[in-house]
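Have a look below at one chain only, the form predicted alone, in structure tokens format.
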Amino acid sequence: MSEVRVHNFSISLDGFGTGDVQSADAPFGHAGERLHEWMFATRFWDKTGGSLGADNAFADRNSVGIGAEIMGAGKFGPPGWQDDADWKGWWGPNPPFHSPVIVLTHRPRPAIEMEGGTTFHFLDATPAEAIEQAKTAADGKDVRIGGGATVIRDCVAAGLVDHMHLVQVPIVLGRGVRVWDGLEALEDSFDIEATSTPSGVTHLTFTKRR
């Protein structure tokens, strides 16, 4: 049975998944790349010089068994990308998803087929509707919620996420978009495990109780 998963989503100590004032030059706002430095040091990211430790083991689960992805408008592009008919995402002609990707936006546009098996579909829908469509596209495989923080939060609040892997990075951002808002008593619905690694991050895994 197809599951809905979150992997490798980094948050600050105060729960922000991205910084403030996002732009084309600063996709994560004032956070820069500080939330993701742990990943850049892994073999998952750096195929020749990256480490093979615990961080890599967690990161490497990102794509296993995934058949489709859902992301928010803020992950697909900077503010105002909907006004640029030529915008096709941050990732160049061959995005790393290699699967159908549903982009949630209030301003849908025709699908964009990219190299490597990625096709972006633009949908104005509720989380439940988007997940239903993504499961159909995934053809029996799992669906990954790729972010940003608002999409993850909405899907968790609606009870739609089966497994969630968040990486708590030891920085304080103070502003941006938080994951935790409105998710009071999340621990009642998930079994939670925490694993700290030498890089200083803590891997938090949430498994939905049946």
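Residues carry their position along the shown sequence, with the first being 1. Treat the numbers as computed from the prediction; the structure is a model and nothing was measured.
The same protein also has a form predicted together with a further copy of the same chain, omitted here; what follows describes it.
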Checking a candidate spot here: are His30, Gln168 and Thr202 all in contact with a further copy of the same chain in the predicted complex (at least one heavy atom each within 4.5 Å)? yes
Could you work out which of Gly159, Gly53, Gly174, Gly65 is the residue within 4.5 angstroms of a further copy of the same chain in the predicted complex, going by heavy atoms? Gly174
With the cut-off set at 4.5 Å between non-hydrogen atoms, does Arg153 touch a further copy of the same chain in the predicted complex? no
Any non-hydrogen atom of Asp25 within 4.5 angstroms of a further copy of the same chain in the predicted complex: no
His163 versus a further copy of the same chain, in the predicted complex: is there a non-hydrogen atom within 4.5 Å? no
4.5 angstroms heavy atom contact with a further copy of the same chain in the predicted complex for Leu183: yes
Can you check 144-152, 38-46, 66-74, 175-183 and let me know which stretch has heavy atoms within 4.5 Å of a further copy of the same chain in the predicted complex? 175-183
